[in-house]
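Just one chain follows, in the form predicted on its own, and it is written as structure tokens.
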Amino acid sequence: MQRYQILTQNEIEKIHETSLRILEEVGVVFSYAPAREILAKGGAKVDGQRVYFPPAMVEEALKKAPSSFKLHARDPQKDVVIDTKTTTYVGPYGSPYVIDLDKGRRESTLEDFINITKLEYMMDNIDVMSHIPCEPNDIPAEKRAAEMCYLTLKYSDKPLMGSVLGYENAKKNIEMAALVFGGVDVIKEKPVIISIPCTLTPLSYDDKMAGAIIAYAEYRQPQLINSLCIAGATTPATVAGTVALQNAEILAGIVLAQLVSEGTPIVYSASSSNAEMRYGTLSIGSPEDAVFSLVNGQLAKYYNLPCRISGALSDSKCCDTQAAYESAVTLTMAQMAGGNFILHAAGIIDGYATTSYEKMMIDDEIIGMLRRIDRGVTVNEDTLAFDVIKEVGPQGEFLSHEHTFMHFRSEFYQPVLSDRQNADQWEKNGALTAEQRANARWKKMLEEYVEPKLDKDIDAALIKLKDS
């Protein structure tokens, strides 16, 4: 798919230069003492909890982060290469609520977590398992990180994400993943778990996120250094000002990770949007969110780093027409921005607060369509089909021609959810809406789910480590 360039190269360089000024003259707060010690040793100026970064220090760190890496899965056929060209899709992340047509909106539970984990595993268009597809609110908060990591490893053999709730939780998740893949020494060479430590906007990192950056870097596991700014609330109301501040935050995290372990894989991760000024809320289905995605994609390419962008986002409170058009716009812009790791690619509504079962199915269809568009057009003698056109001639038909049978399955996207019957057929088959078809589909997928095999001894070791 053609990448959309919303800014000139000169404008991108101005943003970069402004970010360097912010880092050098304004600084970033790190409340976590070990992070300050690492940064000070690396050449930063530390004054209390505020850290000031010399431009050369930042530029040097950017050179050390690789532009591509492979994220390994339990099933090697599902390994994912994350680079600056290809696109990887990831499920919903972080929602404390779920919604479906049968039970409505409610606090999510462990049962919902397991259901959505199984759905992510079964969805062909989801490449990496999100760590928190929804919060299991019915188990103690202090046990969730280990429990979610274990259940993801148990119910899926795709690559996975891990906890960022402090150094110890991150370390335990890494060690759990290492048990499955042959040990810590193995995963240092073959990354298996990716995290998303986030800034505390504006211009700070709390203890948990800084600790997580250090833990993942120590084990050389990839991380999406992330900033979610709210333009007009936590950052300036202008897109340019927000991006400059957001970029400074991300660069500070990249420096910390590279000082811990040079060459730690990094995904430039930005998910900023604007405040809805009438209500004081975050808006994620706005055109500004799409504009931020386009700028973020250009910045990541400027640094030659893979780029994380949020995907199918909506401010709607249910799976309705608003959810559909906002998600189609934001997911398409994420693709056109050159997003390489698209988190929240399916299921998210309500400003990240809710995961919708039905919307996961609908967004999966959108991803399938975008992947077909991204595949482009093959132009050769066979596909140009001159001999076929000559043979059929004027007023002929191609429907029954052998050439059509040879190509239509690979050339045309075959929808899983969308209805393409004529009106009479649609009415005869129940006149179901997209939401109703989506409801039936996720239920059928759960009925057909088959758990991937996990060695019994490894399973027992995981449970022991999880509960320790």
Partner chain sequence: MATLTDLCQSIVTGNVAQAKELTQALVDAGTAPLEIINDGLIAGMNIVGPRFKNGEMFVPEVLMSAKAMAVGMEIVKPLLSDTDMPSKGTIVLGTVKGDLHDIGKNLVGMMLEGSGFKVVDLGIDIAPEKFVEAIKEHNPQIVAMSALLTTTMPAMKDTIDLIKEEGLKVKCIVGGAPVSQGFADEIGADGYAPDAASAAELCTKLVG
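Note that the structure is a prediction, hence the values are computed from the model and not measured. Residue numbers count along the first chain shown, from 1.
The following text describes the form predicted together with the partner chain, which does not appear among the structures shown.
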Just one stretch in 303-311, 175-183, 389-397, 198-206 has heavy atoms within 4.5 Å of the partner chain in the predicted complex, so which one is it?
198-206
State the residue from 97, 352, 167, 155 whose non-hydrogen atoms include one within 4.5 Å of the partner chain in the predicted complex.
97
Heavy atom within 4.5 Å of the partner chain in the predicted complex, from candidates 332, 234, 84, 125, belongs to 234
Do residue 287 and the partner chain share at least one heavy atom pair within 4.5 Å in the predicted complex?
no
Taking the shortest heavy atom distance, is residue 280 within 4.5 Å of the partner chain in the predicted complex?
yes
Does the partner chain get within 4.5 angstroms of any non-hydrogen atom of residue 109 in the predicted complex?
no
Would residue 144 count as a contact of the partner chain in the predicted complex, using a 4.5 angstroms cut-off between non-hydrogen atoms?
yes
